[in-house]
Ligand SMILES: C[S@@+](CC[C@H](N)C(=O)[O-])C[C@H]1O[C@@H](n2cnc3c(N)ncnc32)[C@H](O)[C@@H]1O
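Let's start with one chain on its own, the form predicted on its own, as structure tokens.
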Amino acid sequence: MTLFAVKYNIMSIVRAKKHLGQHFLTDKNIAEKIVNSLKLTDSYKQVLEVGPGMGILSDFLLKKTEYETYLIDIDTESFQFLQKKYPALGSRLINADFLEMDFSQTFTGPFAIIGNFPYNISSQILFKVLDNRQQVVEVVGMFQKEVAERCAAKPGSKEYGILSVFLQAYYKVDYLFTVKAGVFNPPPKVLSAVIRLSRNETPQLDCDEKLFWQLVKAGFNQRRKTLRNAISSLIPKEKITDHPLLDLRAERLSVADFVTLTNKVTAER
């Protein structure tokens, strides 16, 4: 039994649950480094930690006076553990599913998200952020290294894909550092990495955003084809006039290129 467990009359630490994708970080230096990677603290007064587990990040977050920290965990065992560890949190400790959370019920202004995110729902977490991009101004998180690389990938690389384009349309993405498996309990079978998303100055894209998303998905779903062929389900090839971008594959196009292509398709539909 740990000293904390003795102090708070807890019989055991929280068990990591495979079905929740839990791998608890055990290295306090890395935890502090993650928390200190929040840089836009003048832009928000509230931070939401996702999946705090036993609170290794929370310990450092709660020392910060620049913002108010909220914790959300779907795991009832973690929730009960954290209730005893941080009794002063009260309603700022939430036992719920982050993916189902209605941010407007808790946060009235911009806020940041941080966490050692469960790897089995990492893409869903990022799309949840994108759906709430007008309110979520910064994200610092631990992901599987492969996912982190996709988020930060540049056009022309094999990692560059749908997630890269969507995130980079609205956020500056920084790959911060790689984390080895040995600092987790239980250790994952893959390397991990921490990235930071910082909201850019684009309130909305200069095009039909719904069509932009459709074009990006169509292009990468058939990434071996040129865009002329890959987007034929959205606009027949014979209806679209020549443009150099149409002769490229999706992986070669930047966000700005996809905006240009979206406006061209809009004009010719």
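Note that this is a predicted model, so its numbers are computed, not measured. Each residue number is its position in the shown sequence, starting from 1.
What follows is about the form predicted in complex with the named molecule, which we do not show.
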{"item": "Contact flag, I121 vs the named molecule in the predicted complex, heavy atom cut 4.5 Å", "value": "yes"}
{"item": "Contact label in the predicted complex: G219 to the named molecule, heavy atom within 4.5 Å", "value": "no"}
{"item": "4.5 Å heavy atom contact, A181 and the named molecule in the predicted complex", "value": "no"}
{"item": "4.5 Å heavy atom contact, F117 to the named molecule in the predicted complex", "value": "yes"}
{"item": "Contacting member of V147, I72, A153, A112, with respect to the named molecule in the predicted complex [4.5 Å, heavy atom]", "value": "I72"}
{"item": "Candidate from L248, L20, I13, V255 lying within 4.5 Å of the named molecule in the predicted complex - any heavy atom", "value": "L20"}
{"item": "The named molecule in the predicted complex: contacting segment from 92-100, 158-166, 193-201, 128-136, heavy atom within 4.5 Å", "value": "92-100"}
